[in-house]
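The chain below stands alone and is given as structure tokens, in the form predicted on its own.
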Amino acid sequence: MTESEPVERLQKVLARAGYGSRRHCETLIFDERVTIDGKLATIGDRVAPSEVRIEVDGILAPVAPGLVHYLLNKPPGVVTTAADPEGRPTILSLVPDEPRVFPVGRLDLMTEGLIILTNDGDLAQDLMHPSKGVEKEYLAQVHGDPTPASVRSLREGVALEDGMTAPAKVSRVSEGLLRITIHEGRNRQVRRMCDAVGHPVVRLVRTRIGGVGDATLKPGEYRELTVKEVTRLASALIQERPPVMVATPK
């Protein structure tokens, strides 16, 4: 334990992270839904949050001091890097300087839409890991109007230079507009998929990451994720386990 971080009662730590009142958090512990470093927690346990791994329903709890999770609507023309040698605006210029955060994954220069920025290294690593398969949903405006056969090809997988794509969820929203949901993380994947079926992308917008979306965020705007949303992202990594029920403040 470090001197700079006090040891606190577990229910207080969970309540501060947004899991509900202390009494509700005591119920989570009593119901054996909370573990500390893989062992069932008990009422009265005291922890230094950044020194242990706390999980609720098998999902890592965002309890370490100073964690932030931003949801940003990236405009076109902004690069998803900390700095750009060509002097283009970067994604970090759209969020506060402190605490320092980093983007979870990337959107290419002209792709718009939702991206997460955080200093939560554990969650970010899990979300970006290829084996986790977190869904990303896009709206793709394309040249021409894809036929049912083209849509079926996108669903079943298309051949790219780095191999066949995995099956995807694809639907035709309207003429020349597709909703495409993938769970791989290849570079420029949606654009290359549409190229492969003869319908290059005109405009691409990411609308959802896991179970998190927000149609009210304007381009360039960001907000902090709620604990429910962070939990929803983490639960998407462990599909067979139910998400924690977070108490709603009255």
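All figures in this text were calculated on a predicted structure; none of them were measured in a lab. Residues carry their position along the shown sequence, with the first being 1.
Another form, the form predicted in complex with a small molecule, is not on view; read the next lines as being about it.
Stretch-level contact analysis of 47-55, 215-223, 23-31, 187-195 against the small molecule in the predicted bound form, using heavy atoms and a 4.5 Å limit, identifies 187-195. The small molecule in the predicted bound form comes within 4.5 Å of a heavy atom belonging to L107. In the predicted bound form, L204 approaches the small molecule with a heavy atom inside 4.5 Å.
Not displayed here, the small molecule is approached by T111 to within 4.5 Å at the level of heavy atoms in the predicted bound form.
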